[in-house]
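A lone chain, given as C-alpha cells: the form predicted on its own.
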C-alpha cells in the first residue's frame, strides 16, 4: 500500500495527535451537556457546584415533556416503517429497472438531502397549508418522510448493488416464484441495508427540528420543537437532561448499527 500507517515513522505521532484533537473538539460539547444535566445549579453553570438527579425527576414528572417524547417516537416509528417499505420498492426500480430517466429519478429522490432544510420546510408548510395538514399527525409523518426517504434509498440501493443476483436466479430455477425468491432470498441477503435504512430514517425523523417547527401546533409538538420553545423562554438544566437522553438514544442506535455490520462481516 502507498500509505501504510506502520511505515509513516514520526508522522504517526502527528496523525494520532490530530485525531485526538479532532475527537476532543467533537466530544467535549457533548460531554459538557451531559455534565450540566447532573449539575445542582438551576442555571446552565459549568463547572457544576454539585451533582443531582433533580432535573431528570422534573423531566419525567412533567406531562408536557412526556407527551413530546411520545409524539416524537410515534412519528419516527411510522416514518421508519414507511421509509423502509417505500425505499425498498424504489431501490428495486432504481437498481434493477432499465428505463429512460432512471438517473434523473434517482437524483430527484435524493434532492431533499441537497436542498437547504429551511427552503424545504417553507415549501412543505405552504403546500400542507392548502391541504389543511399543518399541525396534524399525518402532516408530520409526510413531512418527515420526505427527509427520511433518501437515507433508505441510499442504504438499500447500495445493499442491492452488492447482492449477488445469481443467488436469487438460482432460487427461481429451483422452483421458487420471483416474489418468493425476493422475500426468502434477497431480503435476508440485504438485511444490513434494511437495518441501516431503518436506523437512519428513525434518527432523521427523531432529530428533525426545522421542518417540525413549521408543522407544529400548540397541541402537537415533537421533542426538538419542545426543546426549542423552552430554550426561548428559560435556560433550565431540564433541557440538558433531555439533550442527554437524546444523545444516549442516538449513540445506542449507532452502536446497534455497528454491531449488525460486525455480525454481517463475520
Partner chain sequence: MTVTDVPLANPSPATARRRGRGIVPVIPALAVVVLVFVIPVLALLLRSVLEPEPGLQNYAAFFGSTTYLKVLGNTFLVAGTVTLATVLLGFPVAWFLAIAPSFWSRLLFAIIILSMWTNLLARTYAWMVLLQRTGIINRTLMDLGLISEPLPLINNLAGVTIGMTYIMLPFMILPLHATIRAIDPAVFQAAALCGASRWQAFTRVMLPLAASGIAAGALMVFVMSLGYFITPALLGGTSNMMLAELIAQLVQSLLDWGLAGAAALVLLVVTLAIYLVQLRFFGFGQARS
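Numbering follows the first chain given and starts at 1. In this text, all values refer to a predicted model and were calculated from it rather than measured experimentally. Under this definition, the rigid core comprises the largest set of C-alpha atoms superposing within 1.5 Å between the forms.
From this point on, the text means the form predicted together with its partner chain, which you will not see here.
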In the predicted bound form, does residue 217 have a heavy atom within 4.5 Å of its partner chain?
no
Proximity of residue 143 to its partner chain in the predicted bound form, heavy atoms at 4.5 Å:
yes
Would residue 136 show up as a contact with its partner chain in the predicted bound form if we use heavy atoms at 4.5 Å?
no
Taking the shortest heavy atom distance, is residue 149 within 4.5 Å of its partner chain in the predicted bound form?
yes
Relative to its partner chain in the predicted bound form, which residues of 162 to 194 have a heavy atom no more than 4.5 Å away?
165, 166
Superposed on the rigid core, does the Cα of residue 20 end up 2 angstroms or more away between this form and the one not shown?
yes
